[in-house]
Structures are given as C-alpha cells and as structure tokens.
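Just one chain is shown here, as structure tokens, and it is the form predicted alone.
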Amino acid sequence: MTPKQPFSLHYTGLIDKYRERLPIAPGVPAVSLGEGGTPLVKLHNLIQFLALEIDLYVKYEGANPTGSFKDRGMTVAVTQAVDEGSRAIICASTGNTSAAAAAYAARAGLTAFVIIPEGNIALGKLAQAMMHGAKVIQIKGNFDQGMALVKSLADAAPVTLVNSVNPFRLQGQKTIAFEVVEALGRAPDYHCLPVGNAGNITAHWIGYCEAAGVPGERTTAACAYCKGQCRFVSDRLTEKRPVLLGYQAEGAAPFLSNAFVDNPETVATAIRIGRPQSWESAWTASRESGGWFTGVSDEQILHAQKMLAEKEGIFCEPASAASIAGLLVDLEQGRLIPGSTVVCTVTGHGLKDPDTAISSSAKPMTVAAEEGAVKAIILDNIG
C-alpha cells in the first residue's frame, strides 16, 4: 500500500506568503528566517484590570526570528540586495535594525556593517549583531549622526543601505497590516504604534491602503512612501482603514513639537531618535488616517511594560510598551470611541533590553535553603 503524501503546513516566511503583494521579481529566492506570522493576542486581563471599554489586541512582533518587527523589512531588503548583486549591507541602528541586518546578512552570505551610538544601545541587541558576525562600528555620537554617515557611505562605498530609507524595508513591514486584517476579518478601528524613525507607522499605512485597495486616495506625498514600489492587487482584504495613533517618548518627541530634536533622551532606546527619516510620510499617514501623535513619559512606558508582562504574560522592550502607555493616556482623555477594536503593535521582545527590565523589577528574595523559609514566602504571596 502506497503511503499518503504528508500534508505540509510548513511556513517559509512573509515573502513566499505575500509575494504577489511585494516588489520582488518572480522566481527570486527569498532570504528568509521564517519571519512574520506573529501572534495577535487579545488582552483579557488588562481590559478587566483597567476596566477599559474597548476590545484590545497586541500584535506581538517579539516573536520574529531576531525578536523585533525589523525582520519583516530586512527579509525584503536583503532579498532585493542579493538579487541586485550586492556583497555587503550597511545600517545605522539603535539596536534592532543591527540585529536583523546582521542575521539576514549571515543567512545570505553577505557582510554586514552596522554603525551604533556608543553607550546608547541595549546589550541584548548588541550581542545579536556581534554573534551574527557583523562588523560593528561604534561612533561617538547619536543615532541621527550615524544615519547621516551611512547615507553618505552608501553613495561612496560598495554597500547597500538597509535602513528604512530603503523602500524595500517598508514593503516588508507593511505585511503587519495584512496579518492583522486576516486575523480580525477586517481592519481595527484604531492601530497604535511607538514612533521613532517613523518607518513603521509609514509602512502600516502602506499596508492598510493596499489591503483596502485605495490607491486613488493617496496624495503625492503618500505615494512617495515606497517610491513606486507599492503593489495593488485585485482582491481587497478590508473595506476600511484604521485611525493610526503614534506614540513617542517625551524626551524624543519631534512629532509632538513638529521640530527635530538634537539630543533625544529616553529609556526606550529603540525610539531615541530626534530626526526621523520618514518624517513627511509619517505626517501623511497620521493625517490621512485621521490620527494623531501623543507623548508619554519614561515612567509611563516602564509602568506599561511591567503591567503587560505581569497581567498578560507578554514581555516587550520599553519602546514597544510606548504603544500601550500612549493608548492609556488617550483613553483617559476620552479620545477613543468606546467599544472600538484597537490593535497595538508591540515591536520587540523584552530580552532585547534585560538590564532595564531587571532594574525596574523587584529584586529576588533571598532566604535559607529550608522548607519553612520558602513556605513562609509562598503563603505571604498567594493572592
């Protein structure tokens, strides 16, 4: 008897899943680590604890291969770089971009050069870039200075720039919108995001516009999002688009003041950016969606990070928690319609920045190695 052919559900990454919606030439093999397909988790405990009158979900991007949403953009950018014959890539990074660039370069057999600000990168992210074999260059300056350097180097040296100024990066990141629509069966009413370099809020709007099949409504600035790389296909995934809400740390909030910040400061290192590269397109995404930007303090960010971990079991890095912290501020001010469906993109895993997590948590309780001593603690701490 001939055995039946096994039925395979092997997931091979977002390029293979969404190839018809991405500007990758037919037949070009994807440089993939199985990115995408991240969980959309409904928050039951937090809703009950805070008595919120919304349906709240988080899109947990920490489940990507290198632990952040950057993998979505990097698979497309590196695949395109390989197809164009590139032998090396370069990026400036506060951490997550460097980790993703290094991993996908290793997968593709390319050399990765990453420029990071000295002393301003979480160790979990630096460890990733180093372990993947990237050539790590620390500069005595901030991310914005590093970004200026790599943009000039991309013109002066034989390397492909893979920061979000590369339009293929945003094309990969737009797939978050597709996955949210597929999971919910429609677009949410509001979609909340942390905003640093502003590529992600731009990419989300690209994705929702394409999912709704509305290229005709785009302004010239909006079409500049992807420099003509957008792909509108005939099957519409949703009838509407969400309001996009962007949240920034108060010490690094150029969208709040409508002016660049020369010396941004925040515990949320991933959004410690004062000169966002997607400045115009982020404003367009906010305006076209009917959204707004809100600032949150470092204290609010760390409180939201801890609350999400303790109440829902979702451990994210501080920058990710800005989406939750900002949402709570807007809800307190009555800016959202009760009963709405809200999705927060949680951009990176908490292990990206273990030092901050440990410093803001209760210290371990030390007792004698005796049953009675441990039992006493158990009884004192059972709710």
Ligand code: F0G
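Keep in mind it's a predicted model, so treat the numbers as computed, not measured. Don't overthink the numbering: it's just position in the shown sequence, from 1.
In what follows, reference is made to the form predicted together with this ligand, a form of this protein that is not presented.
- Screening I206, C192, A102, I271 for any heavy atom within 4.5 Å of this ligand in the predicted bound form leaves a single hit, I271.
- Listed residues N197, Q80, S281, T175 were compared with this ligand in the predicted bound form; N197 is the one with a heavy atom within 4.5 Å.
- The candidate spot formed by S93, E317 and G348 is fully in contact with this ligand in the predicted bound form: every one of the three has a heavy atom within 4.5 Å.
- Here the chain stands by itself, but in the predicted bound form one stretch of 257-265, 296-304, 130-138, 94-102, 94-102, has heavy atoms within 4.5 Å of this ligand.
- Shown alone here, F168 lies farther than 4.5 Å from this ligand in the predicted bound form, counting heavy atoms only.
- Counting a residue when any of its non-hydrogen atoms is within 4.5 Å of this ligand in the predicted bound form, the one hit in 131-161 is F143.
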